[in-house]
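First comes one chain, alone, set out as structure tokens in the form predicted alone.
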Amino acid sequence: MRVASIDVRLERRLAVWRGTALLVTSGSLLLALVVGGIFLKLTGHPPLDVYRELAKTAYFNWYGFTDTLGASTPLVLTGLAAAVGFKMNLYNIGAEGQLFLGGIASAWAGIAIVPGMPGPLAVLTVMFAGALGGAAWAFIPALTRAYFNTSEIVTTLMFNFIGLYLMQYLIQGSYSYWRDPKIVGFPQGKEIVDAARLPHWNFPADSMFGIAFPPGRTQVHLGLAFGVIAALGLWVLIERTRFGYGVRVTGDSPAAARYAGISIRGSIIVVMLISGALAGLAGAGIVAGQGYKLDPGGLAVALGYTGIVVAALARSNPFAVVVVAVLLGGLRTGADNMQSAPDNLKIPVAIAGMLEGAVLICALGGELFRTHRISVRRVPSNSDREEHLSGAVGVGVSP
């Protein structure tokens, strides 16, 4: 009896159509919405009505849209932090911890250093301190990866928990310099001085450019400008400089980078430091633009991990990171705003996190099949091989 087996394997495509990147991104979002819709249907919520209300409260409502821009500001920076590592096949999972250390450093600068400084200098000092704190937290994982080939995934992930507990200890477990001694009840951090706070985008009572906007203070602050400038600077660094060329070559082929004389160790350290600085900048933006103090509850909301989703969906393109960050920021603000919706549309806040995870899984799966294809082959049985060999021998001896 002849029994042939089937060999199924993934093979890298010899040519990849550039337009598939957009198809993968849009397809990932669509599939994630389908998965979320099934979940909503099983829990008794009408999916189309929920998505319509979610989009309305997050993007098509003035207050909701400004809230979305405010929520997406740290996601832009954590997304860039992950994207710059992805360019070199470095997987910095530690943006979460680096964001915490950026918040710690910026809060300290806003309390101890900047009093007496003029406003612009105070803001720049606080943001620089945050970037420095994030870079310092990425330094040890960078060294171990560069010199001992230690997995940066493991080390940066471990440093996340160290940073979290350190931040909580400074406010909730000790009478540290960051804790406000005047608060008797639940522990609170000391507030930074007014000069170090990021200005918010406010609208006057009259119209602007002939358009009547609702007056008042919005959630959009100067940190968004820092994020956009960081995206532009990162694109220039990666695409228009010699260092960026070395990063791209190393990411594509470390052997080719060595042959070209590129310092792989140096590139690893610099890229990791840039990644940590961007994540630290996100922490500084939260301290200086939202909470005005070191607040563990306001920082530990998985912004670093969501940045990985942003970078993956944007395929590490800095400009696409800004767009995707606004998209995912809208999921968060929309889910929060829908807590006041009618009962049939009121969804758990966790639905935003579920959709983010679904987007990441779909994006990674789509990227895999964009660059690879499934090959199915029939493996001949032993009897097939024997017949083939006997036929070849018969042909060889025939007169």
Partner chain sequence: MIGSFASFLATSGINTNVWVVGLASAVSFAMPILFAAVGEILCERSGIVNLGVEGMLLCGVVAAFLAYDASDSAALSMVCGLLAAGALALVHAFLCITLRSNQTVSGLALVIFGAGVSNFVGEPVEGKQIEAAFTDLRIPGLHDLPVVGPVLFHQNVLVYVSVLVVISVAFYINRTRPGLALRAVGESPATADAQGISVSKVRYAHVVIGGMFAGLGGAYIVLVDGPAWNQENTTGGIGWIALALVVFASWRPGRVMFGAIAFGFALRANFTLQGAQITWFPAEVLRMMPYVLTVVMLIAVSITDVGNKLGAPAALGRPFVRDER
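It should be emphasised that the depicted structure is a prediction, and the values quoted were computed from it without experimental measurement. Numbering follows the first chain given and starts at 1.
One more form of this protein, predicted together with its partner chain, exists but is not displayed; see below.
Though its partner chain is absent from this view, in the predicted complex it lies within 4.5 Å of a heavy atom of just one residue from 136, 158, 112, 117, which is 158. Residues within 4.5 angstroms of its partner chain in the predicted complex, judged by any non-hydrogen atom, belong to 301-309 and to none of the other stretches in 316-324, 301-309, 277-285, 128-136.
Under a 4.5 angstroms non-hydrogen atom cutoff, its partner chain in the predicted complex has residue 43 among its neighbouring residues. Taking the partner from the other structure, its partner chain in the predicted complex has a heavy atom within 4.5 Å of a heavy atom of residue 372.
Remark: residue 169 counts among the residues lining its partner chain in the predicted complex, judged by a heavy atom distance of 4.5 Å or less. Contact annotation: residue 177 falls outside 4.5 Å of its partner chain in the predicted complex, judged by heavy atom distances. Judged against its partner chain in the predicted complex with a 4.5 angstroms heavy atom cut-off, the residues 10, 348 and 364 are in contact without exception. Along 82-115, these residues reach a heavy atom to within 4.5 Å of its partner chain in the predicted complex: 91, 93.
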